[in-house]
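Listed next as structure tokens is one chain, alone, in the form predicted on its own.
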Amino acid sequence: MIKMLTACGAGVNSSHQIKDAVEAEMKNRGYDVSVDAEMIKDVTPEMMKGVQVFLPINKPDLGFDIDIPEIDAGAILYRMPAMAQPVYDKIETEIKKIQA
């Protein structure tokens, strides 16, 4: 299973929409992924341990560097396939690299 993390301001709405959409799309593509949704202010280096792909809504300043792939997933929130498809494709590319 590929572990991912998404985060938004409150950790309630936007991040959960991204979580649900990414898990569903990656399942449709044949991948087993788990996406955690959190408040951006709560993301710590310890929380990032074990996470293989970070899916923020924009490019946040976490106050620390991360050394895993970071993909801006905000376009998924528009619920328009033409906008979400490139994000899903980037996620799939990273999954393939991890599994290689």
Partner chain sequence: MHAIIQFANAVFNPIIQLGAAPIMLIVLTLLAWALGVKFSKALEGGIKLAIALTGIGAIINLLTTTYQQPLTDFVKSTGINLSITDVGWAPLATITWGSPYTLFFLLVMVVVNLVMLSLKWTNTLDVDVFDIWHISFTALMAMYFGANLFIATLLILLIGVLKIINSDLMKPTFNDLLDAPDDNPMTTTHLNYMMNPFIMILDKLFDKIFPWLDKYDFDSADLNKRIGFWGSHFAIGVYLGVFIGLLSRQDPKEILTLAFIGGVCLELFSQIGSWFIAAVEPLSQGVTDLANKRLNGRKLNIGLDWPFLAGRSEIWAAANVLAPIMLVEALILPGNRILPLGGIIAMGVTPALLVVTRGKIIRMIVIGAIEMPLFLWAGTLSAPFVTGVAKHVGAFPAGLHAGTQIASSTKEGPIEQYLAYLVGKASTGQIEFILYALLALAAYVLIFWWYARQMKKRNAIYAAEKEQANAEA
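Positions refer to the first chain, counted from 1. Everything quoted here is computed from the prediction, not taken from an experiment.
The protein also exists as the form predicted together with its partner chain; that form is not presented, and the subsequent description refers to it.
The shortest heavy atom separation between Asp42 and its partner chain in the predicted bound form is within 4.5 Å. Contact check for Asn28: every heavy atom lies farther than 4.5 Å from its partner chain in the predicted bound form. In the predicted bound form, its partner chain sits beyond 4.5 Å of every heavy atom of Gly50. Proximity of Pro69 to its partner chain in the predicted bound form: non-hydrogen atoms within 4.5 Å are absent; the residue sits far from the partner.
Within 4.5 angstroms of its partner chain in the predicted bound form, the stretch 13-27 places a non-hydrogen atom from each of Asn13, Ser14, His16, Gln17, taken in sequence order.
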